[in-house]
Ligand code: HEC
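Given as structure tokens, the chain that follows is alone and in the form predicted on its own.
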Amino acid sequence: MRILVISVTRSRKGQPVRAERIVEGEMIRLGRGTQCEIHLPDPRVALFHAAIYRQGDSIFIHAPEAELAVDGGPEREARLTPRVHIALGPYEMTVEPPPSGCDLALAIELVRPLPDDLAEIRAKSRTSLEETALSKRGPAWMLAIVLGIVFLLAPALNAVLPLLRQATVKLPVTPDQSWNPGQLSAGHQAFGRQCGSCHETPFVHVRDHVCIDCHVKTPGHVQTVGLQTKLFGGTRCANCHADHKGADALVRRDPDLCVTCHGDLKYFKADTTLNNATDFAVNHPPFKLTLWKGPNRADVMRVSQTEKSKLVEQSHLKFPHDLHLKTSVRGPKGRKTLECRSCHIPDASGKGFEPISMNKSCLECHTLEFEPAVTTRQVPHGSVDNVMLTMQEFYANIALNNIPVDVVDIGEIQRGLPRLGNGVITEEQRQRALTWAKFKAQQVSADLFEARVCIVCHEVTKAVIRGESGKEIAWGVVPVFVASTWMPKARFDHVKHRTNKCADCHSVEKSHSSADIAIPDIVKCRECHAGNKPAANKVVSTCVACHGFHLPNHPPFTVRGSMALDAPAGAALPVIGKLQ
């Protein structure tokens, strides 16, 4: 609805002066309130006096709590048509023919203004304090004394008198509540009314041992030795963790917390191998990946992603991504389409993934059958000894029960197999059956380890040993070490990146070797992540977005009087384990 509002005033000669403006809306309100679209500032008009609305093809005015004088008669509601006159308090409104583009034209004029002596009447209606024979000084002193007792003396006595503090702790409002500078952190609200839990000495800063008594398992990151340093000023826990700042403010997230030291590391430790870092967007070293180098589990090295020749994973696992990421992969149960999520299953937290295991991820396509013509039984995965024992048990049972499994002529061994017609075998027959079972297990194992099954994914070793029945082959599988995280001292939440496709960050569609590493570098991350300052279409990412502070097994930096920072620059151990 579009209304032309015409404000009519009178010149000194009594001539009308018209000022026009357009008002639009589904409902147009009239009144003294500033929220009204048609503002009538006279005090004799209600805050919300009337409303204009459309119903069908007609426009109406409605006064919910007052009456309107419509063409001289009292009404609560009236239809607005040209030449209708409406008195609304001291205002007179006339409906005029609307111009093109408007639904209604309304001329409004203040016809009964307030008298000129209104200001004088208001001034005479006020009575000053002096005219009442009352004094300001007495109430002021009384108020000052009350405030001093309530907000100064009572809190001070409650702080220094333990018995009083114990008696008032259960009150709805404690005397020292007025001294509370703000809301406690969420973790401290359980004992927040017992100020003495942290402030053990009145009017003295909270001391470190109070924090450490509760957070005894929280590793440190900075400790002071010797003289007070100009950098930390005698570092206290509260220097970085100030409470009474809100439920989530106890943990600092500002970049200055880290940049204070990491902005110029060589100033603190001249022989450090770490590079400075101040802002992820403009000053951050390339990522370093933690790779296993062997032979021991803890033998690792950190390799910068700029050193492309060294970015090789030595997992001893054969896995070509390009052969698995196809729309139609042939398996024992027919063809199927494999995707990243077919093998990489999110864990309960959603931040990472469950370990890839043979039974969960591979067994459906890569079966471990060894005698498919006779049984669907498979050898166990993980132990060569268990594989050999399983097959020997199987073929021993075959031999003792005279079940043919092949047509191989092995001479005396085969002709000497027992016949269990009477259910009794001799020791000689038992030994011949056992010899044949071992022979058959060796024969099938050669196919299993060297040609058809194990060799497909693993590096297989072979050694000739002399056993009871002559030369035997001992196979071995080189242990597999797969890193579950490449940057163990950093944080990465896959849930927050679920709107992206895996291939947006991990390019593995052309990878034909498990030695390839598909971890995105810092340039790729900067496509979506800004640094300390906001940037268009990017996420602000400060240091704590990816890095923790109180890290387990991480020795604290030692701030000495000489400003030296004693901290090892060695690599952190990755999370590495054998493939299950």
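If you superpose the two forms and keep the largest set of C-alpha atoms that fall within 1.5 Å, you have the rigid core. All of these numbers come straight from a predicted model, not from anything done at the bench. Position 1 is the first residue in the sequence shown; the rest follow in order.
Beyond what is shown, the protein has a form predicted together with the named molecule; the following relates to that form.
Q: Going by heavy atoms within 4.5 Å, which of 434 to 442, 159 to 167, 80 to 88, 363 to 371 lines up against the named molecule in the predicted complex?
A: Of the options given, it is 363 to 371.
Q: If you check L291, V453, C102, A396 against the named molecule in the predicted complex, which one has a heavy atom within 4.5 Å?
A: The residue in contact is V453.
Q: Heavy atom within 4.5 Å of the named molecule in the predicted complex: which of L311, C195, V300, L400?
A: Checking each option against the named molecule in the predicted complex, the one that comes within 4.5 Å is C195.
Q: Verify the contact flag for K524: yes if a non-hydrogen atom of it lies within 4.5 Å of a non-hydrogen atom of the named molecule in the predicted complex, no if not.
A: Judged by the heavy-atom cut-off of 4.5 Å, K524 is in contact with the named molecule in the predicted complex.
Q: Is there a heavy atom of P181 no more than 4.5 Å from a heavy atom of the named molecule in the predicted complex?
A: Yes, P181 is a contact residue.
Q: Using 4.5 Å between non-hydrogen atoms, is V379 touching the named molecule in the predicted complex?
A: Close contact exists here: in the predicted complex, V379 approaches the named molecule to within 4.5 Å, heavy atoms only.
Q: Can you tell me if R330 lies within 4.5 angstroms of the named molecule in the predicted complex, counting non-hydrogen atoms only?
A: R330: yes, in contact with the named molecule in the predicted complex.
Q: Suppose contact means any heavy atom within 4.5 Å; which members of 343 to 358 contact the named molecule in the predicted complex?
A: Contacts from 343 to 358: C343, H344, G352, F353, I356, S357, M358.
Q: With both forms fit on the core, has P155 moved 2 Å or more by CA between the shown form and the other one?
A: Yes, its C-alpha moves 2 Å or more.
Q: Would you say R207 moves between the shown form and the other one, meaning its CA shifts by 2 Å or more once the core is fitted?
A: Yes; that C-alpha moves by at least 2 Å between the shown form and the other one.
Q: Cα of S197 displaced 2 Å or more between the shown form and the other one, core superposed?
A: Yes; S197 is a residue whose C-alpha shifts (by 2 Å or more) between the shown form and the other one when the cores are overlaid.
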